[in-house]
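Single chain ahead, by itself, as structure tokens, in the form predicted alone.
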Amino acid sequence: MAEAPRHFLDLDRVSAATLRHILGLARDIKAGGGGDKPLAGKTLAMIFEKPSTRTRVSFQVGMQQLGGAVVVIGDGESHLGISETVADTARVLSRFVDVIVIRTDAPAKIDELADHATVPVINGLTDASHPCQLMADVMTFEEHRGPIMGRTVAWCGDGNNMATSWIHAAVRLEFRLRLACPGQFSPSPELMDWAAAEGGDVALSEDVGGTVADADCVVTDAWVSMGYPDAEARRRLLAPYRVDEGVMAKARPDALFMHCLPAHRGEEVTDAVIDGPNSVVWDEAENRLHAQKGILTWCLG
């Protein structure tokens, strides 16, 4: 019987040891120790049902630098879930390519793809999570500040898909996570219950100052993206969670600032912070390339 493919769907589905192994691969590859085109002869299919800059370019460049080929399928360019079931698309693509990345809305679509594919499936983002970004974020933190275990990360703003992946990462990699979110836009009680049941040090509050106090890293994300219908109402409710110089001053003096980008300057973060000396957003963006090379290498064995 063929070995089951190694999917990378969400951080809560991967062991801490495996996440550490992937991060080690990413660091080695970035340092030049990735070998001579280890994925030569392999092909990556990328399905994009949502717009993308960083995910698309970093996966495509990463796969090519590892020696592989890439096929990009944009929104409306396939029969996926329209005139063909997701399961059937998975079966067909598995006959053509060696690994699939998908960026889509519903996590159920990724689950169905993974259930029926005989090649690895990688979550390139859903409305529920963004695990590849978190691997780049952890890699970036550790490059600048050493091991993240036992450190404190503060999240300010919308309890969105990025916040979910930060919660997953905090539990798996054993760092403290403090979230400041308005009640309407907080992570789900079920997710918070999962973190507690797993022994995670994760806390939720509406108090920005208390959340960022003594944090080693402050993180935020866009308040309005991907077609939210209530944009102005969201902005009003989230305005007190903007990361400005006053917020950063409550964190540790050497606290890093992170944002997965694209940033809406003047909304969730001010220019003074994102362009400031503690900001590592450009290193974070670059590390998408290296972290995803680690993921691809692990998925393909």
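Heads up: residue numbers just count along the shown sequence, starting at 1. Just so it is clear, the model here is predicted, and its values are computed rather than measured.
There is also a form predicted together with ligand CP; it is not shown, and the following applies to it.
This form leaves room for ligand CP: after superposition of the C-alphas round the site, using its pose in the predicted complex, no atom of it sits within 2.4 Å of a backbone or C-beta atom. When you look in the predicted complex, the only residue of Pro51, Gly33, Gly276, Gly246 with a non-hydrogen atom within 4.5 Å of ligand CP is Pro51. Proximity to ligand CP in the predicted complex, defined as a heavy atom within 4.5 Å, singles out one entry of Pro262, Gly41, Pro240, Gly266, which is Pro262. Screening 110 to 118, 88 to 96, 183 to 191, 127 to 135 for residues having heavy atoms within 4.5 Å of ligand CP in the predicted complex returns a single hit, 127 to 135. Looking at Arg103, you'd find a heavy atom of it within 4.5 angstroms of ligand CP in the predicted complex. Within 4.5 angstroms of ligand CP in the predicted complex, the stretch 278 to 294 places a non-hydrogen atom from Arg288 alone.
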